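Just the one chain here, the form predicted on its own, laid out as C-alpha cells.
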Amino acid sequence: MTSQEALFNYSLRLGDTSIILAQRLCEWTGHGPFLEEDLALTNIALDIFGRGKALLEYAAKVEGKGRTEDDLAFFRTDREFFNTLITELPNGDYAKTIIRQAMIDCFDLAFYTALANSKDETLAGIAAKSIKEITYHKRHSFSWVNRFGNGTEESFNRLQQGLDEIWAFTGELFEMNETDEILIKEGIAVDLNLLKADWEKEINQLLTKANLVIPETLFMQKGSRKGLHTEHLSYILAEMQSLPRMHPNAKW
C-alpha cells in the first residue's frame, strides 16, 4: 500500500463514519422528546454531516480519479463503506441514541484533538474546526446520560439497556490496520492506542455518575476496516442513496 492509498483509505474511513452517524441522527428530526432537543440533535447531525463532507471531498482529491464527495457518498455499495459499526446501529429509543452518542463523542473529541496536530494540513484543519463542535456535542450527550441515569426508574432502565446493546461495538473505535501504521510513521494519523486509556477512564467516570454497569462480555464486534458490516448499513444506504441513483445526472 502506498502513502497515497493509505491517506485515501484513512480520509474515506473518517468521512464514512461521519456521514453514516449523521444519517442515523437525522432520523430523529421531528421525533425528538421536545422541540428544543429535536433542534439540538438535528444541529449536531448537521455538524457531523459537514465534517463528513469535508473528509470525503479530501478523499476524492487524494484519490485523483475524478470522483467527487457526492460520488463517494452516493455511488458505493455497503462493502465499499468503512464506517465504524457503532454508527450504523439502529437508534432504538432516545436513551440508546444518547448513550451511543456519548461513547462516540468522548472518542471523537480525543481523536480530533490529536488529529489537529497531523502533518497533513487538510486533515489538521478539518480536525481543528471539528473540536469546537464536538466539545458541544459531548457536553450535550454527557448531560443527558447523567439525566437519564439519575432520573426515573424507566429512564435508567432504558439507558442501561442501550448500553448493553452497544457496548460490544465500542472496541472497534480503537482498531487499527496497515493504513494507520503507514500514516502514523509519517506523522499523519493518530495512534489510537494512545487514546484508549483516557477514553476508558472518562467513560467509566460517566457511567459511575449515571449508576450504569458495563456489560461483562469481553467480546467486541469488528469488521468495518475490511468493509464488513451489520445488515443495517444496507438499509441506511438504500434510503440515503435512492434519489441520486434515480437521477444521477440531475443538477440542482
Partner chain sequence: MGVINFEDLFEAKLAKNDMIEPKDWMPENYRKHLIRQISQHAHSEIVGMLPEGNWITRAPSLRAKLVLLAKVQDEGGHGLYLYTAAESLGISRDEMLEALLTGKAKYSSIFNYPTLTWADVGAVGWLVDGAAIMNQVMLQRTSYGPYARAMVRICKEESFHQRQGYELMTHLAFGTPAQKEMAQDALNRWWYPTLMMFGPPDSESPNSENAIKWRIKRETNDQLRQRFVNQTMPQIEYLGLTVPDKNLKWNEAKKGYDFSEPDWVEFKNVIKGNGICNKERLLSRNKSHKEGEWVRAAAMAYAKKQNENYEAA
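Quantities reported herein were computed from a predicted structural model and do not represent experimental measurements. Residue numbers count along the first chain shown, from 1.
What comes next is about the form predicted in complex with its partner chain, which is not displayed.
Across the options 198-206, 183-191, 212-220, 45-53, residues that bring heavy atoms within 4.5 Å of its partner chain in the model of the complex belong to 45-53. In the model of the complex, its partner chain lies farther than 4.5 Å from every heavy atom of Asn9. In the model of the complex, its partner chain sits within 4.5 Å of a heavy atom of Met240.
Mapping the unseen interface onto this chain, Arg147 counts among the residues with a heavy atom inside 4.5 Å of its partner chain in the model of the complex. With a 4.5 Å cutoff on heavy atoms, Ile134 does not count as touching its partner chain in the model of the complex; it lies far away. Although its partner chain is not shown here, in the model of the complex the stretch 204-232 places no heavy atom of any residue within 4.5 Å of it.
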